[in-house]
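There is one chain below, alone, in structure tokens, taken in the form predicted alone.
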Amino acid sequence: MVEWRLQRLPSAGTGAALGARIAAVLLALGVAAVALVLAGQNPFALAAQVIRATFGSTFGLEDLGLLLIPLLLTGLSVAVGQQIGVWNIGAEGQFYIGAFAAAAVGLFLPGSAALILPLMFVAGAVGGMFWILVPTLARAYAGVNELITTLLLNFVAALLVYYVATGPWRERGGVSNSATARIPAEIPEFWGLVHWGLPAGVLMALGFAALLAYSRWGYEVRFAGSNAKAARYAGMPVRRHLVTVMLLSGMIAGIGGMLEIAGTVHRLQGGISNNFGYLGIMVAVLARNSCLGVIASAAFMAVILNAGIVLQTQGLTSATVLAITGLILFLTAVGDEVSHYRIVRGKV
């Protein structure tokens, strides 16, 4: 007797994954369009406005580029941790501390931009590594779940930045009561308002992809991530790799905070992350934890966020925009999972 059954494959083909994502986005947009019609809105006019504002002007493209930088770095941070099976939910906090450390250097160390910017870069990287150090040691030596420790430290980092930005480091007599003075050292722009942090982030993603794919270290990390017991049996230093990967993950998020401070915002302020650390988790999930895929998924996320900003300027409430954004991301993730399944024919 022959029957048809649903079977999940270990990996989805490129064409199937891409088709599933496109279908999911179209379905989400269709559902959103129906909801907007019921609310008395014209979805086609809104869509045209989003396209014009996002892709039809230099200003819109520059906004996309500035959104892409932090999403790329936080997404890469999460994706790198996943190579060894670690969920770094703390990219948000590491982003904050990277920005905090970089701002401290930029505000209080004298010198030219050529000297201060490299020091800010190092400070941001070290700040991110420092903020993930305790969860790293707890996971490596005590088996403590990093989901909890990295998540809880996000709140500590956000409150610390808010405290210094509105208190000891606040600009006295400035235009804002909740931010520091403008940091003199700035990353140069290479296209409009978009600074050199964008190509730097892309190069980091390419570098980590190559390192993981073509080096012995990368092979051992990926092997340990898929089967830690087998890796230990083969003599691989799993604990050392775990510590290294988690510190690198925190470092990348910290660099993201530094780039946001030195290239985009130029001041330390509460809420500077704008949830980029949490959005980076979705970026990594959509990229299937591929360092190369992070580039495309971060760009996709940047388009969605920018579209949400445009929709709010057209009179939609923030709740409506969040609902549409969440629907698109949810159905995209569902589409990714569905692409792994095939209907196969077999004998009973």
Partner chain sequence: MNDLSKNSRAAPGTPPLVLLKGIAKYFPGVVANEDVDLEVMPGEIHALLGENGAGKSTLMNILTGIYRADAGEIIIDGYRVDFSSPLDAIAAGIGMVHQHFKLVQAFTVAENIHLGWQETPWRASTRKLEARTAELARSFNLPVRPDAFVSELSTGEQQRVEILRVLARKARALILDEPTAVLTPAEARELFKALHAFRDGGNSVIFISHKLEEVLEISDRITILRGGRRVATERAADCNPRMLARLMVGRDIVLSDMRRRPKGAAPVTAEPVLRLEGVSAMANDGSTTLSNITLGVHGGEILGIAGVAGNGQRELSHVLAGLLAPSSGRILIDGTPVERFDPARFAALGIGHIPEDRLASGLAPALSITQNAVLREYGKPPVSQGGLYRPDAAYRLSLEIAKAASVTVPDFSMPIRNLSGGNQQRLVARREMRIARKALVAAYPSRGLDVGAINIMLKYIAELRDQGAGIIFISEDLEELISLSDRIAVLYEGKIMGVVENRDIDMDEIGLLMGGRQRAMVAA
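Positions refer to the first chain, counted from 1. Keep in mind the model is a prediction, meaning the values are calculated, not measured.
The same protein also exists as the form predicted in complex with the partner chain; that form is not shown, yet it is the one meant from here on.
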* Asked: Is there a heavy atom of Phe223 no more than 4.5 Å from a heavy atom of the partner chain in the model of the complex?
  -> yes
* Could you confirm whether Arg240 comes within 4.5 Å of the partner chain in the model of the complex, counting heavy atoms only? => no
* **Contact label in the model of the complex: Gly235 to the partner chain, heavy atom within 4.5 Å** => yes
* To do: Decide whether Ala230 counts as a contact residue for the partner chain in the model of the complex under a heavy atom distance cut-off of 4.5 Å.
  => yes
* Tell me, out of Leu115, Leu109, Leu206, Ala213, which residue has a non-hydrogen atom within 4.5 angstroms of the partner chain in the model of the complex. => Ala213
* **Heavy atom within 4.5 Å of the partner chain in the model of the complex - residue from Tyr219, Tyr141, Phe155, Tyr163** => Tyr219
